[in-house]
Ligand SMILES: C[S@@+](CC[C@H](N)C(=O)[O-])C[C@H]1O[C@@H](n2cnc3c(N)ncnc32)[C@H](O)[C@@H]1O
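The chain below stands alone and is given as structure tokens, in the form predicted alone.
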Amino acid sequence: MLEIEVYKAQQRQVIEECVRILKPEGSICWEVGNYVTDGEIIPLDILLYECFKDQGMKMRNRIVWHFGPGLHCKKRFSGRYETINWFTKSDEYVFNLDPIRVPQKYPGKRHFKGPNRGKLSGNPKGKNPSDVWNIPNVKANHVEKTEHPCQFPVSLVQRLVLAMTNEDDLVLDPFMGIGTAVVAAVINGRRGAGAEVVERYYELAVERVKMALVGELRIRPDQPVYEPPPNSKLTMDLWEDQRS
């Protein structure tokens, strides 16, 4: 498929340049979905994996970003995820877990027996968010919504920025769009840079970064999507609504 080969060649060129300027302790996160043609799915992260391996990069995680609303399919299961592929240049890379911990499911749970009996079984600062992230995407009613058709929520990029960089580090987005990665960087004490070929998106990016710097940009906070316990009244009410 010519389209796919052209895409892969263009991506490879950008990846090579990103690796070239990356610090030894730095990371690259590549967010992609699936390419669909004639009803066939082509996972783009699998397609691009060799581009990173050819540059000597090591994959540390394949993060599944699970979001909410999306297109409804009739001849296959509706897609509700994309992936973030995290690569590092060396084994001495930055990874800060504490800033991105999420609440424990059972925060007061303690060891029942053994040498740690009575002690908290989980980290009091919260738990590792794992490699599956439930973060709502940016749709019409999202406070961050602009005219960009494929806008990332700041909370999604912010996790990566906090975990994989330190204060005053530089965050680069070669496909900047409306500047979400730069926004996530500057509101967390990092520096941001990016490239964008669509002039209107660049203008929006500049506007959003300026607003973020003075605390005027509306951002949805990073918080777990609430899921009521299976036997809660809310869950039973929803079940009854679906049956009726």
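Counting begins at 1, following the sequence as shown. Because the structure is predicted, anything quoted here is derived from the model rather than measured.
The protein also exists as the form predicted together with this ligand; that form is not presented, and the subsequent description refers to it.
Of the heavy atoms in residue 49, none are within 4.5 Å of this ligand in the model of the complex. Within 4.5 Å of some heavy atom of this ligand in the model of the complex lies at least one heavy atom of residue 177. In the model of the complex, this ligand sits within 4.5 Å of a heavy atom belonging to residue 148. Shown alone here, residue 86 lies farther than 4.5 Å from this ligand in the model of the complex, counting heavy atoms only.
Of the listed positions (36, 213, 198, 32), a single one reaches within 4.5 angstroms of this ligand by any non-hydrogen atom in the model of the complex, namely 198. Here the chain stands by itself, but in the model of the complex one stretch of 38-46, 60-68, 214-222, 179-187, 179-187, has heavy atoms within 4.5 Å of this ligand.
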